[in-house]
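A lone chain, given as structure tokens: the form predicted on its own.
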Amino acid sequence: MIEIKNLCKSFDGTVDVLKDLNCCIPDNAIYGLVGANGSGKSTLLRCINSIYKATSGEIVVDGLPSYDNEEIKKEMVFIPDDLFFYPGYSLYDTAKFYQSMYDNFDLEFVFDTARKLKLDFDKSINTFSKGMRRQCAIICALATNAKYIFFDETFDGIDPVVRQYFKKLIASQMTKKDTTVIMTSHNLRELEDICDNLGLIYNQKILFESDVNTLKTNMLKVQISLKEDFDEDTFSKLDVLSYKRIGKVATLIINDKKGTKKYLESLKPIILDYLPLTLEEIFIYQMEALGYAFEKMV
């Protein structure tokens, strides 16, 4: 487990990138960190991986302070947004480099996955396209079998078909090796079908954090129409996050609590439909309830 307490990071003692940030990343989960470009996602990952030293606060991994802890570093691999490969290195050279640092590196996994994706094993990676270079980095990271794998802007430059392949590969790795995967994106839709937990970083801290299943089961999107005239006050007994009415049909977003559906049914509606909510919609309404405009955050 990764626990972050009151983390602050500033550069040159003047610019606060992270301030009093608190976060808990559970074991054997895929944790998605969402936020606009420049919100501090990359800085947070670099602090956890000891690339940056925190200005203040704590980062504890498996009960131990993480900064410059060699034992913990052996259990971590970080793939940054700005990829770097040694000049002239092929995928084979890069894999052997990783193998020299990670005891459980699976070279056969790299061979098999590269073949499936038709990646030339002996060609210089720096001659590859942006998406192909990203594929090579993800393959090598998964092959380390590290306990904690960090991806910054995970699927940047990868086409949709290959992206889905890697999502399945990451999920399989997590299940097979009890791995914890932490991935960032400025695009919530990119993460919603793979993550177990999500955190929204805004104004230098984690503004909102929850597991995905709780988010999806604790909120209802309802379309309803009644025989008698009605307005928003009709639903005042419920925890309504959003109310919109067009003609005789209203659409409500409701925090689902005990008795919510029973109350709606007691109104004897002409129309009562429960509609699926995307994760993006859930975040939008949660942020509106907190007084924020979600579109300004991502």
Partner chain sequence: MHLKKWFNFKYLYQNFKKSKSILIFLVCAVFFINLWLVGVNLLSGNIIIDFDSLSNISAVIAFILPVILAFSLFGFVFKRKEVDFIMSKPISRRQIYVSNIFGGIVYIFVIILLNTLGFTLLALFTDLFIPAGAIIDYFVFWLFTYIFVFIVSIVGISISGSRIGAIVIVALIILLYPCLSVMNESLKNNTEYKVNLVCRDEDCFPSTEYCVGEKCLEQIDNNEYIYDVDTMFTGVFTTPIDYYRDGFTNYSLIKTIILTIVYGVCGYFLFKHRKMENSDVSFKDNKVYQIVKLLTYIPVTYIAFYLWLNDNAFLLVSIIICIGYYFIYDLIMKKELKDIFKLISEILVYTALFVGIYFIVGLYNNNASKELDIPDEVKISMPVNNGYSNYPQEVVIDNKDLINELISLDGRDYAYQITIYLSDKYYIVRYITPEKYEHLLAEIDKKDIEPEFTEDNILHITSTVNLRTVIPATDEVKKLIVKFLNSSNTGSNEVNRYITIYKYENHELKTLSFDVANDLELLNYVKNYLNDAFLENFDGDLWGNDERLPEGYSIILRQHRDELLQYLEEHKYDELTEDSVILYSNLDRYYINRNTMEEFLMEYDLNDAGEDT
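For clarity, every value in this text was computed on a predicted model and none was experimentally measured. Numbering follows the first chain given and starts at 1.
There is another form of the same protein, the form predicted together with the partner chain; it is not shown, and what comes next is about it.
- With the partner left out here, the partner chain still marks one of 176-184, 105-113, 85-93, 208-216 in the predicted complex; by a 4.5 Å heavy atom cut-off that stretch is 85-93.
- This chain is drawn without the partner chain; in the predicted complex, the residue among Met101, Leu226, Leu117, Leu169 with a heavy atom within 4.5 Å of it is Met101.
- Proximity to the partner chain in the predicted complex, defined as a heavy atom within 4.5 Å, singles out one entry of Ile51, Leu272, Val249, Val60, which is Ile51.
- Although the partner is absent from this view, Lys123 stays clear of the partner chain in the predicted complex, with no non-hydrogen atom inside 4.5 angstroms.
- Looking at Phe97, you'd find a heavy atom of it within 4.5 angstroms of the partner chain in the predicted complex.
- At a distance threshold of 4.5 angstroms between non-hydrogen atoms, Ile139 is out of contact with the partner chain in the predicted complex.
- The shortest heavy atom separation between Arg46 and the partner chain in the predicted complex is within 4.5 Å.
- In the predicted complex, Tyr67, Asp68, Glu70, Lys73, Lys74, Met76, Phe78 are the residues of 64-78 with at least one heavy atom within 4.5 Å of the partner chain, listed from first to last.
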